[in-house]
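Shown next as C-alpha cells: one chain only, the form predicted alone.
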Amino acid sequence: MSKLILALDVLDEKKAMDIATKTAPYLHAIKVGYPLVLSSGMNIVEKLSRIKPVICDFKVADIPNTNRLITEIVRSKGAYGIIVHGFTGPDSVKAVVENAGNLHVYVIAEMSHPGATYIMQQHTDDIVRIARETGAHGLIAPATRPERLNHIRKIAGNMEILSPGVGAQGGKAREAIEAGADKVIVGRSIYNASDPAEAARRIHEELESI
C-alpha cells in the first residue's frame, strides 16, 4: 500500500481530474481542501472518489452541531476521511467521530507552517489526548518539524499519523516516515510539476524503499 497522499489544491476541476488520474497508481489517497471544493463544488469529492479515496481537509472547527452537519455532508459524498481541529474541545471532536460512520477522522495535532509554533504547539499534547479519548482514527503532524512529529508519535499510541509539509514547505518524505508518520502528504511538488505522474512515482518509490 502506498504511503503517499496527494494534496490536490488546484482550482480547475478538469485539471484536478487529469492529475488525479495520472498519479493514481502511486497514491494511497487524495486530499482535497477548500480551494478545489469552493471552485468546483462538493461533487468533486464524489468524482475523485471513483479514482482514489478522498480525505476532505476542511479543518472542521466549530460547535458540535455545526461539526455534525459538515460531517454528514462529507459522508454523503462518499469521502474516505475528514480532517478536523481539536482546539475546539472534546465535544466538538466527538460530534464528528460519532457521526462519521465509515469516515476516518483525523485531528490536527500540529500544523506544518511556522505560525503553528506560536500558539498551537503549546497545546499539542492536549489535542492528541482529545483525539485519543474521543476515538478519532488518526492525527495530522508536521513533516517540517521531524522532532515534533517524533514527539507526537510517542504520545499517539497506535493512531495513524499523516504528515503534511513535504516538498514545497521543506519537509522530507523519508525523515517524516522515520520520525513516526505512517503516510506523507505532498501537494505543490506534484501538482505543479511538469510531469505530475513522474513526480508522484519518484516520491512513492522513495517511500517504498524505507
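When you see a residue number, it is the position in the sequence shown, counting from 1. The shown structure was predicted, so the numbers you read here are calculated from the model rather than taken from an experiment.
The discussion below concerns the form predicted in complex with a further copy of the same chain, not included here.
K.L.:
Within 4.5 angstroms, counting heavy atoms, which one of the listed stretches 146 to 154, 63 to 71, 46 to 54, 179 to 187 is next to a further copy of the same chain in the predicted complex?
P.N.:
Flagged stretch: 63 to 71.
K.L.:
Should residue 123 be counted as a contact of a further copy of the same chain in the predicted complex, where contact means heavy atoms within 4.5 Å?
P.N.:
Yes - in the predicted complex, heavy atoms of residue 123 and a further copy of the same chain come within 4.5 Å of each other.
K.L.:
Please determine whether residue 130 contacts a further copy of the same chain in the predicted complex, using a 4.5 Å cut-off between heavy atoms.
P.N.:
Residue 130: contacts a further copy of the same chain in the predicted complex.
K.L.:
Does at least one non-hydrogen atom of residue 38 fall within 4.5 angstroms of a further copy of the same chain in the predicted complex?
P.N.:
Taking the distances in the predicted complex, the answer for residue 38 is yes, it comes within 4.5 Å of a further copy of the same chain.
K.L.:
Quick one: is residue 101 in contact with a further copy of the same chain in the predicted complex, heavy atoms, 4.5 Å cut-off?
P.N.:
Close contact is absent here: in the predicted complex, residue 101 is far from a further copy of the same chain, nothing within 4.5 Å, heavy atoms only.
K.L.:
Is it true that 2, 19 and 21, all three, sit within 4.5 Å of a further copy of the same chain in the predicted complex, judged by heavy atoms?
P.N.:
No, none of 2, 19 and 21 comes within 4.5 Å of a further copy of the same chain in the predicted complex.
K.L.:
Check each residue of 91 to 107 against a further copy of the same chain in the predicted complex and list those with a heavy atom within 4.5 Å, in sequence order.
P.N.:
Result: 91, 92.
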